[in-house]
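Quick heads-up: it's one chain on its own, the form predicted alone, in structure tokens.
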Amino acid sequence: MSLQHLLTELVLMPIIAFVVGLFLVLMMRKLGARIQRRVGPPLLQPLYDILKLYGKQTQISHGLIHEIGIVMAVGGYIAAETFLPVPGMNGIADKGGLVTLAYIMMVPSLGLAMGVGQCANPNGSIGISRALTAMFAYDIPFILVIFGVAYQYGTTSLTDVIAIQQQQGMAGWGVVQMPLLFIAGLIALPAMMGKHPFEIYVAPAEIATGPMVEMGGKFLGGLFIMQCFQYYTISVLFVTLFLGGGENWLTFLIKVFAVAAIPLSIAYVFPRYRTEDVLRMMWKWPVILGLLGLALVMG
């Protein structure tokens, strides 16, 4: 691959991720509205929200760490996109595998913690402590899942994982080869996205939206952008691990939207969990299923 071709992919992959992420956010809002018997937002509402926030004149900064934290929150996911192979583009996925990607996906939460910590608002501090606790909760089943996939296919390279699955057809997909690991990952998926019923770190009725309480204007707009990348990154990762990636963009996007929609459609009917409930659930069913899945894979 020429340097120009690689640079083109490195630019296009985050742009595509952002655009698809906008539609994933719209779909999440529409699903929530339908389940709650509302109409839901118009087609371009997520984009309008971001433009409105960046168009505000009042931009309150709490210091350099506050600004760096938001850059890390968004930049972590932008970096992750370049390690996620998509139809026609591999980026630098061959330079780093699942382990590298798992570490990069922790950067946004740590960046958000840095930015919120600079604000010294107790509501923000409580919210970010809950968010980091939730990350600690879902990281255990997540690590079990990626370890099982790496062991099953004998590689941590996502390009190789996709190639093996596509060579074997649907019978080689992770969901067929490792159904228990797939279910464990699917249970952890809403928690990784920070959505119902695992959005305890936001809790507007308790802690005034938590980490976002001191975020306004471009800072809140940055968090909206981060959410778009977050939905895309996590959904694409699960499609890559369990559904054979995508041979073309049509089938790939269908899988991505299905992976995001199915668990969240179910989750919307449950009330928000408390912090200890999140830990209890994440360390119970996904971990049990993950361990059983590992036993089957390694046996």
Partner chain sequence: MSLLDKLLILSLLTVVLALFMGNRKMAGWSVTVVYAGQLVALWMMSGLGYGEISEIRSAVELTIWQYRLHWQFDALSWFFAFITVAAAMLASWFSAGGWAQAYREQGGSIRLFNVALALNVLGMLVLLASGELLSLFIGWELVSWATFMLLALGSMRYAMHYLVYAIVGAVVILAAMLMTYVQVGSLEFNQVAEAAAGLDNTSIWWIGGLFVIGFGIKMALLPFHLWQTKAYAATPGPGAAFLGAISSRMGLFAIVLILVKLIGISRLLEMPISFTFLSARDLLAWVAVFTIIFPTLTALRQHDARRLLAWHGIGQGGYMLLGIVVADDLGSAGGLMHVFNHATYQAVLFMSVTAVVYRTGTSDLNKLGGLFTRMPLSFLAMLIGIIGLAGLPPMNGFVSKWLVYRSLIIDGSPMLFLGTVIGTLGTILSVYKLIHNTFLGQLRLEHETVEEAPLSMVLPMMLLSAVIFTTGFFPGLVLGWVASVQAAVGLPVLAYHAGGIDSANGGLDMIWVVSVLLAGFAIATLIFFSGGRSRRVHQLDNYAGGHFLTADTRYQYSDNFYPGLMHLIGPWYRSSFKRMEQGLVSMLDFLSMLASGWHRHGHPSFYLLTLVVVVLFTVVM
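In this text, all values refer to a predicted model and were calculated from it rather than measured experimentally. Numbering follows the first chain given and starts at 1.
Unshown form predicted together with the partner chain; subsequent notes refer to it.
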Quiz prompt | Sole residue of 84, 183, 78, 163 within 4.5 Å of the partner chain in the model of the complex, by heavy atom | solution = 78
Quiz item: Does the partner chain get within 4.5 angstroms of any non-hydrogen atom of residue 106 in the model of the complex?
Solution: yes
Quiz item: Contact between residue 61 and the partner chain in the model of the complex at 4.5 Å, heavy atoms?
Solution: yes
Exercise. Would you please decide whether residue 262 lies within 4.5 angstroms of the partner chain in the model of the complex, comparing each non-hydrogen atom pair?
Key: no
Quiz item: Does any heavy atom of residue 96 come within 4.5 Å of a heavy atom of the partner chain in the model of the complex?
Solution: yes
Exercise. Check each residue of 151-165 against the partner chain in the model of the complex and list those with a heavy atom within 4.5 Å, in sequence order.
Key: 151, 154, 155, 156, 157, 160
